[in-house]
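Just one chain follows, in the form predicted alone, and it is written as structure tokens.
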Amino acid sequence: MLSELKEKVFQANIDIYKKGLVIYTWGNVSGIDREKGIIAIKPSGVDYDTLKPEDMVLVGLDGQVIEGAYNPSTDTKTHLVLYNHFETVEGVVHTHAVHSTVYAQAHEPIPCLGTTHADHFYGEIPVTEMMTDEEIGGDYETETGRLIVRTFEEKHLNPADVPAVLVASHGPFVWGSSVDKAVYNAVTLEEIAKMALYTSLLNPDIRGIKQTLLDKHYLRKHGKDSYYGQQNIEGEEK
């Protein structure tokens, strides 16, 4: 099972590279085996062009390296905080993709301006507060994760409904109910960030989507009475 997890995480890391979300070594993907309490994550500073499945590093939820010839990503502690606090998360992606990072650097949330956004995220993508000097100078990566969790608690957001955040002056962290879904959400986040930025440039006075339209588009796809996609007679999506 852990070899399968390493293969999935490897492929996910290659996917964010091929999708143009990262260049050089500017990002990482992890996935978790909840039953064993182990994550697989990209090694730190290893170029995507040379990356192999066996290079993925296995780390326990306590932060101890279990297996790997390399050091794990420097963002590992941030991933671990998310896994330990958001129980539905099975995969985490961190990138410095251009448009979503622009919003993070501007300390601005990504507003929900249309139905493309509403189909995937239940409202705006939040941005955190800037980290304090004490947080930056302390256990920085752990504090980054705590800041994300605190942002969701203070804004009363469900991480399953809004599976992404912008860390102020840093960049996006995105997650999902599987490693593949986390990658899907990361790609989608970058696209809706691009759309929002262009829309705001064209019409600086644009306001967010109507709540009724947001509800309709998000809930028809993700709500308990969702009807998006193909279903068999038992109601299971194909």
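Sequential numbering from 1, following the sequence displayed. Being a predicted model, the structure only gives us computed values, none of them experimental.
This protein has a second form, the form predicted in complex with a further copy of the same chain, left out of what is shown; the following refers to that one.
A.B. asks: With the cut-off set at 4.5 Å between non-hydrogen atoms, does Arg150 touch a further copy of the same chain in the predicted bound form?
C.D. replies: Outside the cut-off, so no.
A.B. asks: Might Leu197 be said to contact a further copy of the same chain in the predicted bound form, defining contact as any heavy atom within 4.5 Å?
C.D. replies: Contact check for Leu197: yes, within 4.5 Å of a further copy of the same chain in the predicted bound form.
A.B. asks: In the predicted bound form, does Lys36 have a heavy atom within 4.5 Å of a further copy of the same chain?
C.D. replies: Because no heavy atom of Lys36 falls inside 4.5 Å of a further copy of the same chain in the predicted bound form, the answer is no.
A.B. asks: Within 4.5 Å, heavy atoms only: does Pro53 come near a further copy of the same chain in the predicted bound form?
C.D. replies: Heavy-atom contact with a further copy of the same chain at 4.5 Å: absent for Pro53.
A.B. asks: Hey, which residues along 99 to 124 are within 4.5 angstroms of a further copy of the same chain in the predicted bound form, non-hydrogen atoms only?
C.D. replies: Contacting residues: His99, Thr101, Val102, Tyr103, Gln105, Ala106, His107, Glu108, Leu113, Gly114, Thr115, Thr116, Asp119, His120.
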